[in-house]
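Okay, here we've got a single chain as structure tokens, the form predicted on its own, with questions on binding and movement later.
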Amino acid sequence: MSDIETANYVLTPLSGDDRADLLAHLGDAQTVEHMDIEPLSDAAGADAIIAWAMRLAGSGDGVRWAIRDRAGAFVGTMGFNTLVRERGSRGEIAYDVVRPRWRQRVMAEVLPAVLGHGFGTLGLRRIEAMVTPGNAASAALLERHGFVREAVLRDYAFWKGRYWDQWLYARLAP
């Protein structure tokens, strides 16, 4: 997968070079509060996520980018956790931002570029996002960018010892 650049950020496929930054980022309990993982406690956890991202990209089933600002500071990750080509043309988008950069409009700039890549380069017809109820900031971000909440998927996923509902958001190609 190719890099994506915006005025203030560069997105590159997640790699081993991102290990320390990913560990620090996803080791933060507040950051992973609404995510399907426990806070990372060691480098093996970061390595597992990087290996998953590299398999995803290698198979063509998705992509996960590291987001860095123009000075090179790690800002978060974003990507398509799934790409469906058989009997459809859709992708599931997901994203996370380091806590010191929350509410600094990182996603306001990066999300449109990734959507453009999805609808343009990847030729997707539909882009979906799953939001854990309670994550109001993520829901508001998606709605500001033309996503519609289509459903509540009750007890859709199991992590952290319990079942979780998910809000299904989607946006269709222009």
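Please read these numbers as outputs of a predicted model, since none were measured by experiment. Residue numbers here begin at 1 and follow the sequence given.
Quick note: we don't show the form predicted in complex with a small molecule, though the next part is all about it.
Residue-level contacts in the predicted bound form: of R70, R149, R144, R125, one residue has a heavy atom within 4.5 Å of the small molecule, and it is R144. Shown without its partner, this chain lists V63, M107, V114, A46 as candidates; in the predicted bound form, only M107 has a non-hydrogen atom within 4.5 angstroms of the small molecule. At least one heavy atom of Y95 is located within 4.5 Å of the small molecule in the predicted bound form.
Within 4.5 Å of some heavy atom of the small molecule in the predicted bound form lies at least one heavy atom of M130.
Residue contact with the small molecule in the predicted bound form: R103 places a heavy atom within 4.5 Å of it. Under a 4.5 angstroms non-hydrogen atom cutoff, the small molecule in the predicted bound form has N135 among its neighbouring residues. Of the candidate stretches 38 to 46, 116 to 124, 135 to 143, 55 to 63, only 135 to 143 has residues whose heavy atoms lie within 4.5 Å of the small molecule in the predicted bound form.
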